[in-house]
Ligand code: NAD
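Presented as structure tokens, the chain that follows is alone, the form predicted alone.
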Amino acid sequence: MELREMGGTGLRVSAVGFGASPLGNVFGDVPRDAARAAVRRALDLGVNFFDTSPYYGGTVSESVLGDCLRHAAVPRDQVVVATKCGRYKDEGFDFSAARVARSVDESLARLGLDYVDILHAHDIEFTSLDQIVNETVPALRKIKESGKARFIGITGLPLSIYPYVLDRAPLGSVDVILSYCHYGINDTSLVDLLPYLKSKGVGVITASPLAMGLLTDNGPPDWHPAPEHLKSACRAAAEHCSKKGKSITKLAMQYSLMNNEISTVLVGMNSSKQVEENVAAALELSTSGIDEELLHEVEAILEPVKNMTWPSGIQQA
């Protein structure tokens, strides 16, 4: 598995990252032995980056991931573990300094770790971005100074949140950003931001290469917020791949892995089979490249909805 530098952190992370939200039973029940087997298989295949949040499954994802890592008996310095703060299943959003400080202690207890490698403020578009700049980021920096988190980051859907915070926070105070649904076959708008993020020394994680289920044979869950026009175009693209005996999921995963400016592509996994499929897609990409003909055909189908997204968060002043 290819390892990539994450901004100026010095961390080297696997190009495929293990998204642990499914371990919180977010998409259906995951038996503990299946979760342990998935994490063990990921480690064996060279995946070293694991991402979770107290929000996923109402803290279940963190607890299960912690159990899986302990069960795998992996040396702490051989894994990069990221979690989040500020968004909670029962409490909603709370980015106050006091809650952030309490949150990291709760997460460490659930994970069974002395520190996390990255602590993100989770989905910051749901609060005042000025609070993130003036209260949350300084609180995260204190946590970093305490050694409970090695690096700090911010996450969310609208790309505008990143320049807003990074231009106002002291240079170097945010180490990483986690963007989702903006670097895939249907939406590449993150690309425009990459030179700016690089100039700030910020590492880039992209998540949801399958656009939260849009780029799959089964299609998105009922609650998916995408407009119907986008859903139908993605459905047509998936059907086109299927008719040719190809997998849109593999194509989408490979497409997101092609840009080396992005440190890691996070994809949710809940079984050894999913781990093996994602790693195989990455290895095939590095040896044989992507199916260019199929990619061009799918891009043509998705062209009318290119970079189409959906609203998220509160309206910023």
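One-based numbering along the sequence shown. Values in this document were obtained by computation on a predicted structure and should not be read as measured data.
Note that the form predicted in complex with the named molecule isn't included here; everything after this is about it.
With the partner omitted from this view, the residue of L266, L251, I262, A38 that lies near the named molecule in the predicted complex is L266 [heavy atom within 4.5 Å]. The listed set S208, S107, T136, N186 contains one residue whose heavy atoms approach the named molecule in the predicted complex to within 4.5 Å, identified as S208. Although the named molecule is omitted here, in the predicted complex none of R4, S14 and D167 has a heavy atom within 4.5 Å of it. In the predicted complex, Q274 approaches the named molecule with a heavy atom inside 4.5 Å.
In the predicted complex, at least one heavy atom of G213 sits within 4.5 Å of a heavy atom of the named molecule. Taking the partner from elsewhere, Y56 is found to have a heavy atom lying within 4.5 Å of the named molecule in the predicted complex. Remark: F93 does not count among the residues lining the named molecule in the predicted complex, judged by a heavy atom distance of 4.5 Å or less.
Contact with the named molecule, judged by heavy atoms within 4.5 Å in the predicted complex, is confined among 73-81, 232-240, 97-105, 213-221 to 213-221. In sequence order, H122, D123 are the residues of 96-125 having a heavy atom within 4.5 Å of the named molecule in the predicted complex; the partner itself is omitted from this view.
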